[in-house]
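Presented as structure tokens, the chain that follows is alone, the form predicted alone.
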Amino acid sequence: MALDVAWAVDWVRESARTVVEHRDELVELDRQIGDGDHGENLKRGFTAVVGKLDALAEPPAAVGDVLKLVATTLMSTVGGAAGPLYGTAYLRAAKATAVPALDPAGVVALVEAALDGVVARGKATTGEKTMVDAWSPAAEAAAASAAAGGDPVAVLTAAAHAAAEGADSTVPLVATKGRASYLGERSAGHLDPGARSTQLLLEAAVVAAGRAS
């Protein structure tokens, strides 16, 4: 099956639900190595996105239209680093998905474009204890799944699993980017909140795909 506009809309709604559910967890993770606002910022941002979806006069025509709405809303409502990072990720992903539905290659393009956006905005690479440590293995796993003949849901599921493993891999790392880098060695032993939220958002995409299939 392909992942269409209805899936993209459901992904956004599921993302909003999951960031509300995990708001306190993300706040605590960010409090340990950052400024403690990641969960509240994402809750505010995705709540605003859902409000804009509900107000649309007509349904979006392409998956990219949905992701562009996410991008522009997060950029205008989410403060700190998360707004520009996720906004750029969704904006790049929107440009790569200007079609009514995604085939396996389209899912790969979405994840790879999101990774490119995060890297371009954050100037980070893997191993620096950032959300790149979740997006990068997700993109690699998506490409591998598509190359092996996986359908769109399988490709998306592979990306989400790899993001979870990537997020877990940030725990022993010493941060060298962002606010957590101010802590130096004391940043080790903590899960990066951006990597964790990346995992949650990709898992929300899989949940929505399960409802669509």
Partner chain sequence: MKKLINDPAQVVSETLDGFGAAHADVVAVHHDPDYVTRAGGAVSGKVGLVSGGGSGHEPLHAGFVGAGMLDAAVPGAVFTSPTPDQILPALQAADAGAGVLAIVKNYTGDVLNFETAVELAEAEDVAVRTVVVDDDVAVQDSLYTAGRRGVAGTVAVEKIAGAAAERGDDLDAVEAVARKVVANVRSMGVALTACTVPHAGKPSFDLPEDEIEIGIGIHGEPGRRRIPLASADEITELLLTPVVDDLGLASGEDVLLFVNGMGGTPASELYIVYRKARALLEERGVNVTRSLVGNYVTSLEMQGASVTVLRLDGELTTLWDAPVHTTALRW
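Numbering follows the first chain given and starts at 1. Keep in mind that what you see is a predicted model, and the values were worked out from it rather than measured.
This next part talks about the form predicted together with its partner chain, which is not shown.
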item: Its partner chain in the predicted complex reached by all of Glu28, Val78 and Gly178, non-hydrogen atom within 4.5 Å; value: yes
item: Listed range touching its partner chain, judged in the predicted complex by heavy atoms within 4.5 Å, from 142 to 150, 161 to 169, 34 to 42, 53 to 61; value: 34 to 42
item: Val108 within 4.5 Å of its partner chain in the predicted complex, heavy atoms; value: no
item: Contact flag, Leu85 vs its partner chain in the predicted complex, heavy atom cut 4.5 Å; value: yes
item: 4.5 Å heavy atom contact, Arg23 to its partner chain in the predicted complex; value: yes
item: Its partner chain contact at Lys95 in the predicted complex, heavy atom, 4.5 Å; value: no
item: Contacts with its partner chain in the predicted complex, stretch 179 to 199 (heavy atom within 4.5 Å); value: Arg179, Ser181, Tyr182, Leu183, Gly184, Arg186
